[in-house]
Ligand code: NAD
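Take a look at this single chain in structure tokens; it is the form predicted on its own.
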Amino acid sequence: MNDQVTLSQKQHADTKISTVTKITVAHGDGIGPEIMDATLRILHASGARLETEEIEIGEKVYLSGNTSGIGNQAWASLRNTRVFLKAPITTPQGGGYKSLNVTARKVLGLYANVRPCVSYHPFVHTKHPVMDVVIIRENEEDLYAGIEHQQTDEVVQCLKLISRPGTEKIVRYAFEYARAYGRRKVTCFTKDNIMKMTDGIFHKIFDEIGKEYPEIGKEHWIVDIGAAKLAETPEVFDVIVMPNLYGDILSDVAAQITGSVGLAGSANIGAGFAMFEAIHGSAPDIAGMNKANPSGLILAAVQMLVYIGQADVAEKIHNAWLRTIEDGVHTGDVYNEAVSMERVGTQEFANAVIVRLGLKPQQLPAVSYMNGSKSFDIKPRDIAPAVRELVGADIFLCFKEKDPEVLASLLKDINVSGMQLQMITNRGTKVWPNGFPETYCTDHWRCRFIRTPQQGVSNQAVIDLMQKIHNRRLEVIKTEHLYLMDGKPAFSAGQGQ
């Protein structure tokens, strides 16, 4: 092992001097300080050309009264360095505290979450010995827009927002990533058999952009069967791109079936900003006990080094980490008497990686990042605006009577600029006309008023419609305008319509 130390020190000394990159570092909460210390020691020993600015975020900041968990000085550092290496933090329960991860991703425009999920068979136990999947998750919108309302005593809502620009960015990122890393296929997961407009546009844009990458295979799966396939035979996938919620869930599933979520790091990439972190939480139950596996943060730091153009150091650390795993030096979460040679703590694992800097694995595939930085300049396309024509409105009511016929009797004679009651739904299912008595109804009703034949109406007509409904002592809680866009309905039908 002394020869390995000498080799590591010599390569450190021989590392060519290049531009130093400033990064912002947060030690976080729980096990965060331990795994960050381990990671920074490895970065220093490897010759990474970094200058660090430390910020305080997380539990202490939350409990000081800042519900976002991050202060102005921390934001200033991030906007200065534009590169963030972050340990896990603890978000206090209750009190209206917002997720700092979600806040940082959205405020800084970090639209792409990139999570490599790799099996290290036979050195880390897994049911899937052949697995090398990269999950690329949209990071800013979908249900994570966080727009929620309690509308009635019985019903709350969360708005699912999917934008064309947001989808274009993440889909193109997935194909650019596949091209840059020599990946063979990109798969898209959606639920567009049900959410035909939101998930539908994601699938449509995937197909449009995929045509620009003829050398890369492409396929689409409905997310439920796709998830089952991912859990059963992950080896058939390569790069998977998904909307936010599906990607959040399935990236954790993919990481776990490699052997441990503790081995997975992630990158959050935007236009000129990037954040790198382990995917696991702060694990306060083992904080300060030198038990945590620092691998997720180490591999996140590897992604960071590739991003900032220090591919030589990234390759050195990653191969040393692989050699450490291969040599059976394991933390408790992946220790297995059948293959492990030494059970170590957090800092001892970091020491083992440092000792192996300059070495490569002998059985696991060695990595190479020498093609340099893998950052992509991605901009959504400009599109011609559609011709929009207002033809009606969905008027949402809070109505305590659970009989749709009673509600219809109060509305069906209203006629404003040709708009008349066409349909009433409850929780999306048509209950009038010709509804079934078996359909369970809550106090939340959607009443669709539309001009037939579909011709344009004015915004003032919708206001007048709402006034007439209000005059009948019915409580309007929400409205949605109904448009034709380029002559086609830009709204969904009711279930059963």
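If you're wondering where the values come from, they're calculated on a predicted model, not measured in any experiment. So that there is no doubt, residue numbering starts at 1 and follows the sequence shown.
Unshown form predicted together with the named molecule; subsequent notes refer to it.
The partner is absent here; in the model of the complex, the one residue of Glu212, Asp153, Asp285, Glu337 having a heavy atom within 4.5 Å of the named molecule is Asp285. Exactly one listed residue, out of Ile279, Val133, Met304, Ala178, brings a non-hydrogen atom to within 4.5 Å of the named molecule in the model of the complex: Ile279. At a distance threshold of 4.5 angstroms between non-hydrogen atoms, Ile31 is in contact with the named molecule in the model of the complex.
Mapping the unseen interface onto this chain, Ile89 counts among the residues with a heavy atom inside 4.5 Å of the named molecule in the model of the complex. Proximity of Arg105 to the named molecule in the model of the complex: non-hydrogen atoms within 4.5 Å are present. Residue contact with the named molecule in the model of the complex: Asn101 places a heavy atom within 4.5 Å of it. Only one segment in the set 260 to 268, 408 to 416, 138 to 146, 378 to 386 has residues whose heavy atoms sit within 4.5 Å of the named molecule in the model of the complex; it is 260 to 268. Residues of 45 to 76 are not found to place any heavy atom within 4.5 Å of the named molecule in the model of the complex.
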